[in-house]
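Single chain ahead, written as structure tokens, the form predicted on its own.
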Amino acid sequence: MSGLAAADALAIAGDVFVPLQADEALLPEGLDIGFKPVPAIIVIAMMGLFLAAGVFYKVADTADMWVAGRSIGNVENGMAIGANWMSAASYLGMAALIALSGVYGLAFVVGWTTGYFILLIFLAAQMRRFGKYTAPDFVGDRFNSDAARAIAAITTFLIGFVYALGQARGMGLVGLYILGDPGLPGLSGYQGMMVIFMVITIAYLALSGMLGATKTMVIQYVILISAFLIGLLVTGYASGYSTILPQLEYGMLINELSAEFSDPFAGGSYYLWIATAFSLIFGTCGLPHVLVRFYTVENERIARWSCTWGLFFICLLYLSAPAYAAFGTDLYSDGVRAAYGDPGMSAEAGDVIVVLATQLAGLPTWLVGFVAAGGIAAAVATVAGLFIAGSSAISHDIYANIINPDATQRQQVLVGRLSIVALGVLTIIFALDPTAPIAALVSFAFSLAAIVLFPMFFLGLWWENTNRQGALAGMTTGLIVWLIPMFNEGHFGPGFGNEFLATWMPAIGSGLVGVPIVFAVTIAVSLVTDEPPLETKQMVRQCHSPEPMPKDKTAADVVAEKNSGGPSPADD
């Protein structure tokens, strides 16, 4: 199956990618759309709680705005990682992928969990020891380059934008079930709900910053994991599929489902499976809103434990998603129409299969609404992390470090808030007419992170001779490599439609080709140009030192103290 089909084969199956159009209203078939009092009260109370947290934890300085004052504990940070990570793509899209594309969907389960082992072993503690506010901060200081900082900041902003599109789509679709069509002039029901939820999310983030977002993420995690697991348990029991362990018992149902669900690679080729999993694994290690979580803790030990706890909390949902997919597919086939074939289950129905399964199982409306509320909590939590990372890239890395080095904390916080609003408005505009299902939209951001940022993080921490010229060449090459399949498949325009490129370098799995290219370019250019300054090498060594790091010290601070001088300035 070609990469052109990959995004729609996440939608799924077909040989030509066809963007979803706004005039189709994006209404999932079989879903009971309309205002429901009790679920509405649940969602309104939940969003009100988020806004209240934003007001209560309203930030006044940059430390609270970007890294929560480095005051977060390991279990609390692990839950925040879980909420931050388990987006609408996980809560809604994971089960949708498996329901619509069968075994191919498991590439996402593998990719979105395996990456955390690499983070735990190679990056979490080392990034915390480096001790900066943001991922672009690391790139700029490690490679002594404001140009590299700017490229990393732009990439971070772009990742936040692309990733948030999937969350906005999820909010709109789930909001339709709970609140119905809000009747906003000139907008479809989906578009109206998406705009409303995004505006509320933007407002709470602009107030709260990272401190309030982290405190809220703990609440969001409890809501989303409770809703997901309770909904799965009751759906399986009420429908006669399982008793107390649906994560294992759903296997008895597989033989009764269509071959499209259970046959290996029926929903995508072997190469597409490998390419997708590869991009997701290394994209996980390059996502700025994930890495910044390790800056919010006191030391590297807590950073490691945060990663471990985060993986545990994530696996609670990921090990349950296949069961939801199996139950939902069978209930859909019995209660709506055949899940596969023509017309089969639509991408919109697939994206809300978690909610649709509980509805088709005949569960009480309030319980279905609670499950739906979990989907909105998942989307809001991830948008929080994305927008904080994206706004910090603009405010801290570009404005304060490049444009106005003398900026006060108040000015930086103001620019950060304006950046959140700008990122939100941009997301709303493009999410009005999404070009792919939730998980596909999110996966494009993973490919970007894998190709452009992961090589910089890994080489920057583990090879002290990686230099400014190598980083600039690698990141520039990475951006070009990522954009080629995105344009080819029509995500940023009409598309070129080159089948060879789409097959061997699909946008959703472009990391398999792009990551080795960027590694090779970065290493080659670093070898043929001057080595980085000694102080930079010492910072890298400090990231691996067995000596404990003080809470308020960075690797550059420690090196400067040892050398009785300041860190080297940017070279360009």
Partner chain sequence: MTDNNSHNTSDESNELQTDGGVSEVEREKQIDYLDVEINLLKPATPFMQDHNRIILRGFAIWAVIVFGPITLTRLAPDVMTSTMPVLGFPLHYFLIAIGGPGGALLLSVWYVRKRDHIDEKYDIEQFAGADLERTDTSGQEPTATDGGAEK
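These numbers were taken from a predicted model, which means no experiment stands behind them. Numbering follows the first chain given and starts at 1.
Heads up, the form predicted in complex with its partner chain isn't pictured, but that's what we're talking about next.
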Thinking of Asp181, Leu432 and Val521 as one candidate spot, does its partner chain come within 4.5 Å of a heavy atom in every one of them in the model of the complex? no
Heavy atom of Tyr241 within 4.5 Å of its partner chain in the model of the complex: no
Evaluate Pro264 for contact with its partner chain in the model of the complex, applying a 4.5 angstroms cut-off between non-hydrogen atoms, and reply yes or no. yes
Does any heavy atom of Ser526 come within 4.5 Å of a heavy atom of its partner chain in the model of the complex? no
Arg417, heavy atom within 4.5 angstroms of its partner chain in the model of the complex: no
Among 85-93, 119-127, 197-205, 482-490, which stretch has residues with heavy atoms no more than 4.5 Å from its partner chain in the model of the complex? 119-127
Can you pick the one in Ile403, Cys315, Ala338, Val425 that has a heavy atom within 4.5 Å of its partner chain in the model of the complex? Cys315
Considering its partner chain in the model of the complex, which of Ile398, Ala227, Ile281, Val292 comes within 4.5 Å of it through any heavy atom? Ile281
Check each residue of 89-108 against its partner chain in the model of the complex and list those with a heavy atom within 4.5 Å, in sequence order. Ile98, Val103, Leu106
